[in-house]
Ligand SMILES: Cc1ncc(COP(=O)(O)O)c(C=O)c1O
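So this first bit is one chain, no partners, the form predicted alone, shown in structure tokens.
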């Protein structure tokens, strides 16, 4: 105990004391404050779904009820229900042509614990994680692991996706490279060529490390949105592009997004068995497994390919209808001379949009000085909640935003467009 009253002490750990709140949740809080005042606000901020608009599959709900009635309420195995591991193994083969055995698969309560486990498995305190920005939550995992980071700013002309050339100069300093495709927040994907090039530079880096007796560089590949591609967009798995990368890669996936099940909390990772065993050891002490009934239900539902196809086809069609609608809104505004833009929908539930109003004068005569001011004006005047790319690690004052369609009706699209038109028209 420190008895010297002149020396201040830290009640909580330094990690916790310096852990910042999510900017996305802060913006969502501002949106909800307006809603609670009775204002009509379009909350396009959070990567979630309104269950009244996008419910989880009905057949899955039936299987959950059945599993509870059957008494599947005790502890599940730490690495997941064997039936679910078997289903995921077959599911990956059927839907992605990926060959992973049950021992290569770890079940967890969504993707977050799996990502955390990857960081804890491969990264020592003070080591470095390399990742592109904008991207989701990597900065927080870096902080939780007491690690360092190198971020690579991506560009709109590259659909905000990283290139091998942008990553390569930093590989020698990194313990892992964190990638996501389709990407949150942009809804864009890595091209086949980019995946091939990134695999090649990591394999070359690991050849160098092997010669110098240095631990290899790994890829954390988050593909939680891979089944939600739209139009002609194709998701490319690194393992299929270059099978040699398999032993250096961990993939995270789950039901949260493709099945509108963000609250269901059934996720999985797959990699080499030795890696999965280490990740399992981490999560076993956290208890980060989904409830057993949900695991039993997922095993049954995901093995029913006809039902899954039926749900995904309808779900993707409805998501795409909204994304296409908002894309048209922005293209129409751009054609009218407003400084807005958007990237055509590729995947996920997000549209990447640009609203360049920094430096403009508001009706009250005050200036919009930065991204924070611009975001507030869009919310206050247009009643639209969007998330700026600053929330995803981008550098100061970007003009690009994430627009999420998981909580909106098709009929909202036109009203959002009219609100935005009116708000932009008031600026000088």
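Predicted, not measured: the structure shown is a model, and the values here were computed from it. Residue numbers count along the first chain shown, from 1.
Just so it is clear, the following notes concern the form predicted in complex with the ligand, a form of the same protein that is not shown.
- The ligand in the predicted complex is not approached by residue 292, whose heavy atoms all lie more than 4.5 angstroms from it.
- Mapping the unseen interface onto this chain, residue 278 falls outside it, with no heavy atom inside 4.5 Å of the ligand in the predicted complex.
- When the ligand is considered in the predicted complex, residue 122 lies well away from it, no heavy atom lying within 4.5 Å.
- The ligand is not drawn, but in the predicted complex it has no heavy atom within 4.5 Å of residue 85.
- With the partner removed from view, the residue among 132, 76, 325, 110 that has a non-hydrogen atom within 4.5 Å of the ligand in the predicted complex turns out to be 110.
- Comment: the ligand is not present in this chain, but in the predicted complex one of 251, 118, 180, 202 has a heavy atom within 4.5 Å of it, namely 180.
- Contact with the ligand in the predicted complex, judged as any non-hydrogen atom within 4.5 angstroms, is confined among 123-131, 254-262, 302-310, 241-249 to 254-262.
- In the predicted complex, the ligand lies within 4.5 angstroms of at least one heavy atom of each of the following residues of 219-255: 222, 224, 225, in sequence order.
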